[in-house]
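Only one chain is shown below, in structure tokens, and it's the form predicted alone.
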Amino acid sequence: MLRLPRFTYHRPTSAAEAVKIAADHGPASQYVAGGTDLYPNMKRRVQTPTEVIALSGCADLVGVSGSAAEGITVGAMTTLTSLEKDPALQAAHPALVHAASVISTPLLRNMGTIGGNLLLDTRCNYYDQSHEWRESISFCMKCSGDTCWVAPSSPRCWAVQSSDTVPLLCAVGAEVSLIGPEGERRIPVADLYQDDGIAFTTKKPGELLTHLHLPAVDGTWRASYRKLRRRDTFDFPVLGIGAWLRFDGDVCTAAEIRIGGAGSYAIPATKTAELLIGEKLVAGDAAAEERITAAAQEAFKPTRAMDNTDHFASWRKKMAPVFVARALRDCLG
């Protein structure tokens, strides 16, 4: 049986109080939201904070506010179930609601939060194992070792980003607010991440992610999320596609496609987006279907499928154009 290590449990009542506790204890502290990611990692001894700061008592981090026309703000401690069932989000951001609905199981969505999913730890076949298993092959670079077993000659860690909401939120241009010892800042979701399996976020030490800000809905753009996994009931994505298209009539004027589950961050499919801009895209039109298929094929190149998660890497890479095309078709309505 895997057991939690000993730690001191703090339960602040506000974001400001939580940040102060983190500042007082430094690197030994860690925030916990729903605990669906941190506690299993602590049981496996891949994360070992001695001061755990629970955010469940911070009422200022919960809830949905704003409007579709002005933009909606979601507190980081809002559960995935609450997000999935919120009428305003269902109407304004159905793609996000869908992405939340396919995360894990209903029980874990009842506990897991949008903030926790945004900061989900990167995953790897050689990292997400028990302490004894990892010790038997020698520890990996992400935890105590000096070798990335996915690519032993590589100087970096290749653990994979497996959040369902991140590719979509990067694609639609959402933003997040963070508060820390140096004050508060607001940045695009895409700027929260960097291409490194260990230092996969740009969040500063002690900073707390407090809110997610969704863009205004004006009827000119559509978004979609498509997920590939072995078991549709609860598995992490081995490929997660976030797609966003803006239209002027039937003509695509802007596009953003992000590939999750295939790298340490949500990889932009830049060439795919470029091939769609300026094109007339109408659902059911044969010419539009040809353009989408050709553009989606360009997603094969940036997809970095490796031996770091489920399924054969070569097959996952081949599936990238297929799922990009499906996500783009969703955006056509």
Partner chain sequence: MTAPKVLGGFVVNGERHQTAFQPHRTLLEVLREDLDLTGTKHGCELGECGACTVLVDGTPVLSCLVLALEAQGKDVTTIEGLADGPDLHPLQDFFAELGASQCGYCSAGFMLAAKKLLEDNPDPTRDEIRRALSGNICRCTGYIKIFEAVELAARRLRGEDATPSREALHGQ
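Please read these numbers as outputs of a predicted model, since none were measured by experiment. Positions refer to the first chain, counted from 1.
Only in words, not in the display: the form predicted in complex with the partner chain, which the text now covers.
By the criterion of a heavy atom within 4.5 Å, Ala54 is counted among the residues contacting the partner chain in the model of the complex.
None of the heavy atoms of Ala91 is located within 4.5 Å of the partner chain in the model of the complex.
Residue contact with the partner chain in the model of the complex: Gly71 places no heavy atom within 4.5 Å of it. Taking non-hydrogen atoms only, Pro40 approaches the partner chain to within 4.5 angstroms in the model of the complex. The single contact residue among Asn110, Ser177, Thr253, Ser154, judged by any heavy atom lying within 4.5 Å of the partner chain in the model of the complex, is Asn110. Checking 214-222, 180-188, 245-253, 231-239 against the partner chain in the model of the complex, the stretch whose residues place heavy atoms within 4.5 Å of it is 231-239. Contact residues in stretch 267-298 (any heavy atom within 4.5 Å of the partner chain, taken in the model of the complex) are absent; none meets the cut-off.
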